[in-house]
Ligand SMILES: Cc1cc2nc3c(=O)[nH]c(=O)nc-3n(C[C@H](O)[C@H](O)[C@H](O)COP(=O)(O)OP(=O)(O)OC[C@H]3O[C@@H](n4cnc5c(N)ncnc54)[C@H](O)[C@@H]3O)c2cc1C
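First, one chain by itself in structure tokens, the form predicted on its own.
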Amino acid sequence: MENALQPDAQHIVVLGAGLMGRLLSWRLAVAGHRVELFDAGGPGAEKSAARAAAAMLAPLAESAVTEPAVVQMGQYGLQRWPQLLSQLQSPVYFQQAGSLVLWHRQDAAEAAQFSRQLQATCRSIAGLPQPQALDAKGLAALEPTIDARFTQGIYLPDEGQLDNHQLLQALHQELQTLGVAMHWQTARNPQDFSPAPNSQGQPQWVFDCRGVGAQVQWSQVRGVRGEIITLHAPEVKLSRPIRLMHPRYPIYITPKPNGIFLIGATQIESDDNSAVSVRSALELLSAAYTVDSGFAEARIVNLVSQCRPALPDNLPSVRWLGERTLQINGLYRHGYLVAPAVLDAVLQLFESGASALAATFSLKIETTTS
């Protein structure tokens, strides 16, 4: 059933049907507005960075590679995601059983530095659960199938994850139910709605959520290549996300329902969207095998590469491109972690022109005339 338009309903165009585009279209449609969604790809989000993600919600773990603002947005997101998911008609897997950090003996120095960073973050940001150092016995209690070669680890309580593929599908179903007009394989940019939103014959608002696709209009946006392997391994019994120290980038193993595991993610400064490289596949699969030898009999479901949208400081940003055009970009590798905070801040900007949430999280609100 389509949503009932409110008396003050506005005609709103959203560009990009990745994570942010779908969330924003959904909330605006629920509020009773007339929403149109344009995307260069299809409803399965195959061309979106949102599909090539593990959707981990781990603010403390991410503090080792990002700024305090992202950690604070992540704390908000951990509380907000269950509220958002409860409003969807289709169930979406959500887990908050903490995460586990492991390392091989040769990476002990890097692990020690990681641990010091976690402790510093806990001292500077209130409300974060304290990381817990584990010995071999503690590891075995949490994850009995982990290879016996791991004798130390760090447990990060309360960190979570969700199933991003289920979420993208559930949001698509909500948009259909709400009567959102979805235009697939139809690329658009803000300049297509000229002379400006709210002029004759044009929508009243335009929200640009295209990620790397917005580079022409936002030249500072760049792509950071990430690669993920999906495995079906019903014999593997890992019950929570595992992070493994790696010389070049942290590798994670995230268990999803029905014996599915996501192994990722490389982090390469490149806008190359070609297939997963042999080097990356070998590194990711070898890392998974060292954690649990049961992965030797896993079946490779797919190998996916995608470019995550990043700005020079690797932080999200919202930009006014005219009075009624908002661009949302730079979610980088933290998309699912920060999305609820960015979403709610953007909705405040739409409703009142200002956002207390953005100020709370030091979310950049920029203005440009270009």
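All residue numbers refer to positions in the sequence shown, first residue = 1. A quick note: this is a predicted structure, and the numbers were derived from the prediction, not measured.
Keep in mind that the form predicted in complex with this ligand is missing from the display, and what follows is about it.
Distance criterion of 4.5 Å from any heavy atom to this ligand in the predicted complex singles out A52 from the list A345, L28, A61, A52. For the options V206, A265, M73, L100, the one in contact with this ligand in the predicted complex, meaning a heavy atom within 4.5 Å, is A265. Stretch 226-234 is the contacting one of 226-234, 104-112, 279-287, 128-136, since its residues have non-hydrogen atoms within 4.5 Å of this ligand in the predicted complex. Among residues of the shown chain, V65 is not one whose heavy atoms approach this ligand to within 4.5 Å in the predicted complex. Although the partner is absent here, R188 sits close enough that one of its heavy atoms falls within 4.5 Å of this ligand in the predicted complex. Among residues of the shown chain, P316 is not one whose heavy atoms approach this ligand to within 4.5 Å in the predicted complex. In the predicted complex, this ligand sits within 4.5 Å of a heavy atom of L331. Of the residues in 125-157, none comes within 4.5 Å of this ligand in the predicted complex through any heavy atom.
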